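Here we start with a single chain on its own, the form predicted alone, put down as structure tokens.
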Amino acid sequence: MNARAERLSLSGRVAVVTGAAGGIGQATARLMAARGASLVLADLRAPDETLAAIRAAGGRAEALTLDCATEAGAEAIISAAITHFGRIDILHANAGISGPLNPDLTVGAADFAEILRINLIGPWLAIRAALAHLGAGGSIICTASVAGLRAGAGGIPYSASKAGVASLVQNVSCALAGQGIRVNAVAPGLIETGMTAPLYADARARGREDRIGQLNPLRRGGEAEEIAELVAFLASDAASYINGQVIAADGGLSASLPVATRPAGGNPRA
């Protein structure tokens, strides 16, 4: 193994991934396992498919079906890592829901609170439970969203919750000063997952699949595996000096103010 591959390796480490039944969580868990990590998978929907895929590839994993955004659930997930593998080195707090995709100004308090509970309080509870066992070299990665960085990429409760995740990792990273534990977040753009499946299905049904992701400079949507690569990097020693950051993986969507773009050297549009 060359030096670069060794720094990217997760061999001998134990990772917890919430929201592991599909989408980004599933892709991340499978990639971490392929790079040598032992996994504890958790989701409200049984992560059996993820578990089977990891074990079929020769990896080590255990799975829990529970609500990740409760104190009891968070404690159970971390306890499972200690019970089965003796430690925890990596936490990917990924579980989340979208809520209404449109900027609905009539969302009630209960619905708003539920989105905040799952998307923001859930990661906090997982972090708090993990900190009792994480040591120097530990890595926490939360799933935020470009919707938490700018308006226009998601519903109001979802966007507010993901903005909270961005603030959470910044504040926790600073609160852990001197302990050698890194805390970061990934901010995906439009990624094809179960959460975005209705949007993709509608575009395809109307023959407008080529317009998916048209607002970003890459002019396409992303894949869960592309986000998994970033998460696995942040979990590894290759990212040893990256801390307190929210890193967008959005095809360039958040790089620009809203403008009518054109290819370099092209003529301005009338």
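Throughout, we count residues from 1 along the sequence that is shown. Note that this is a predicted model, so its numbers are computed, not measured.
There is also a form predicted in complex with a small molecule; it is not shown, and the following applies to it.
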In the predicted bound form, which of the stretches 132-140, 102-110, 81-89, 181-189 has residues with heavy atoms within 4.5 Å of the small molecule? 181-189
If you check L234, A69, L51, L31 against the small molecule in the predicted bound form, which one has a heavy atom within 4.5 Å? A69
In the predicted bound form, the one of A21, V14, L253, V246 near the small molecule [non-hydrogen atom within 4.5 angstroms]: A21
Find out whether any non-hydrogen atom of S159 is located within 4.5 angstroms of the small molecule in the predicted bound form, and reply yes or no. no
Look up in the predicted bound form whether I97 has a non-hydrogen atom within 4.5 angstroms of the small molecule, and give yes or no. yes
R204: touches the small molecule in the predicted bound form, heavy atom cutoff 4.5 angstroms: no
If we define contact as a non-hydrogen atom of the residue within 4.5 angstroms of the partner, is L44 a contact of the small molecule in the predicted bound form? yes
